[in-house]
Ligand code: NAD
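Just the one chain here, the form predicted alone, laid out as structure tokens.
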């Protein structure tokens, strides 16, 4: 198979490419390197197993260039990685999410590419969904601009399946963490402690509670489900069996960093920022019935991630 991975130099994308290359697939990467790093996949580029198109999926000509390279399947992972950015620059997710997904789908139509896997998110469910939340929950009412863009992307993909005969796998992710992370709560906590080992500021009251999934489990889950599910449109939650609070994450990061004298301070409120969902947990029964299970639950994934990120910045 020859795969196109959007955002392939990024966090999740680079781990997916590791798996694709390991099983013998050829990979084309499109990434503008705004948050990804070519170094994450440099070994695959040097070996010729992956080819890099440095381009922007917001630019149709860049997408067309990549899609014209005999692609069999698209893994559409590229998006704005910072949910909070949408509160300041309100067209960010419209452009980098909704419009960019349209560009991908239209280039697929023009070039006769029929298969797409899409990285959606648990945030499409909004904050009033039952916990754990099954794929059948609806209507979905996201409360962030990022969530709205993911829901719009799902709708566009569904319409291309129905109108143009694509086959699609939509994955609603829990919070994905692990090595090579470039953003998120664990990344932020480590860098705050690096700057001031005596104090750790936590946004909100620390009681926000969500599921965390290690990135290797995430990409293995994607590839497993794609082998098992063969409907025209396939929708799966990907997550772990449990949740962890932000307070617990702070405690683990303080422990892993060795900053045991750090005072954890909370800014207050039930969420970290506008559009944040205080509590989220995905129902994963459908994933489990497919024959896939995670190797780490939330606490294990958090501790593993903290250790990996410390090592990557040379503070282990």
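Residue numbers count along the first chain shown, from 1. As the structure is a computational prediction, the values presented were derived from the model and not from experiment.
Below, we turn to the form predicted in complex with the named molecule, even though it does not appear here.
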Contact assignment for the named molecule in the predicted complex, among 301, 16, 294, 9, heavy atom within 4.5 Å: 9
Residue among 174, 145, 190, 157 with a heavy atom within 4.5 Å of the named molecule in the predicted complex: 174
Residue 245, heavy atom within 4.5 angstroms of the named molecule in the predicted complex: no
Close approach of residue 56 to the named molecule in the predicted complex, 4.5 Å, heavy atom: yes
4.5 Å heavy atom contact, residue 237 to the named molecule in the predicted complex: no
Contact of residue 87 with the named molecule in the predicted complex (heavy atom, 4.5 Å): no
Candidate stretches 114 to 122, 196 to 204, 225 to 233, 135 to 143, one within 4.5 Å of the named molecule in the predicted complex by heavy atom: 114 to 122
Complete contact of 31, 36 and 182 with the named molecule in the predicted complex (any heavy atom, 4.5 Å): yes
